[in-house]
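We begin with a single chain expressed as structure tokens, specifically the form predicted alone.
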Amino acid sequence: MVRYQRWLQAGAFYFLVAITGSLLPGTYYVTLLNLIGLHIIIVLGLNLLMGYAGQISLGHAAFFGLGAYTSAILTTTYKVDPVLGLLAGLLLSGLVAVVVGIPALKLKGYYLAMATLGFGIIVAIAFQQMDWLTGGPSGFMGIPPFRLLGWSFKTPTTGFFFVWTVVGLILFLSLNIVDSRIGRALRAIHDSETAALAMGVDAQRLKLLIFVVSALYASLAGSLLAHTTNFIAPSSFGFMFSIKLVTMVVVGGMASIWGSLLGAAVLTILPELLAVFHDLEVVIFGLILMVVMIFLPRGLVRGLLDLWEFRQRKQQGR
């Protein structure tokens, strides 16, 4: 019964987004929705790691870039099919996540954050310096559109339906993960790793598993970015983007799947809206984040629900 509810929720969400995308005028808004979808995929994985398992990562932009560059290089330079390029990106990101995660996840708190931060910086520098392979600071151009079962997603509109179909599937998968035994074990690790170990939970294995899963989410989004924009550059996968991803998780709400969607959407759209303020954009952006964190510390979704419940109780008390 719960699984059917998850299919219904993911399906209703996809239907709403599809209708919205169909009604929006021009390619700019469709492209923006595509970007929101890609950010949602990454943030869903990062929220599984941070919100449910309690492990901080400041290096997920690196996995985003690994997926993008692996798929771009294989399909453009070596003429590999985009599906195989995407799978190769997933394989590489998964292997790197295992290599990084085994030692890094033995650390806790700020030490884990610094370890993943160092990894992210190393990968970002590699993207910049290996210009013979990645195109360097100038970026990598001429990436072919994604092709699947004879369909080619050449335009932002066709890419929109493909990207958001993937978002819907990832949303359904994430909802099922958090309601599974693995999800309950992750919440136990988050609350008290010592207590989880006492109950027989293999904390180290589960932390590594969810770290790899979140890296695969980011790699998938990176491959889709490469094939929907047909151009990538190292600036899209730097340290500041990792910080932005963590901010999306926190603003949307830790341990909230639906909060991940809202946080990714808000922090993707907000810079576009603030662009009219030019030099004051960063200041206003920072002030908005401060207000959200002070008055809605549990995230937008939980905070708005709390405000609604408070208003309902106040009306009932009259």
Partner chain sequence: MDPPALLTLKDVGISFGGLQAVKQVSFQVQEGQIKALIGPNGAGKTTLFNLITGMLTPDQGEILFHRQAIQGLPPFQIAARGISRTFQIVQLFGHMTVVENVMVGRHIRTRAGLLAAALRLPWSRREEAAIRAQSLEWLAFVGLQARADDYAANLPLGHQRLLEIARALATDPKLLLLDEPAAGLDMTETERLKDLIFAIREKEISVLLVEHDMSLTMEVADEIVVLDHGELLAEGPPREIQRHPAVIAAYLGRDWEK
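Positions refer to the first chain, counted from 1. Since the structure is predicted, the reported quantities are computational estimates derived from the model, not experimental observations.
One more form of this protein should be noted, the form predicted in complex with the partner chain, which is absent from this view; the next part is about it.
Within 4.5 Å of any heavy atom of the partner chain in the predicted bound form lies no heavy atom of Ser138. Among heavy atoms of Phe241, none comes within 4.5 Å of the partner chain in the predicted bound form. Residue contact check for Met114: none of its heavy atoms lie within 4.5 Å of the partner chain in the predicted bound form. Using a 4.5 angstroms limit between non-hydrogen atoms, Gly200 touches the partner chain in the predicted bound form. Against the partner chain in the predicted bound form, the set Asp179, Ala196 and Leu209 is in full contact: each member has a heavy atom within 4.5 Å. Shown without its partner, this chain lists Ala88, Val96, Val80, Val213 as candidates; in the predicted bound form, only Val213 has a non-hydrogen atom within 4.5 angstroms of the partner chain. In terms of contact with the partner chain in the predicted bound form, the residue from Val246, Ala233, Ile73, Ala188 that brings a heavy atom within 4.5 Å is Ala188.
Remark: of stretches 221-229, 116-124, 171-179, 152-160, the one touching the partner chain in the predicted bound form is 171-179 (heavy atom within 4.5 Å).
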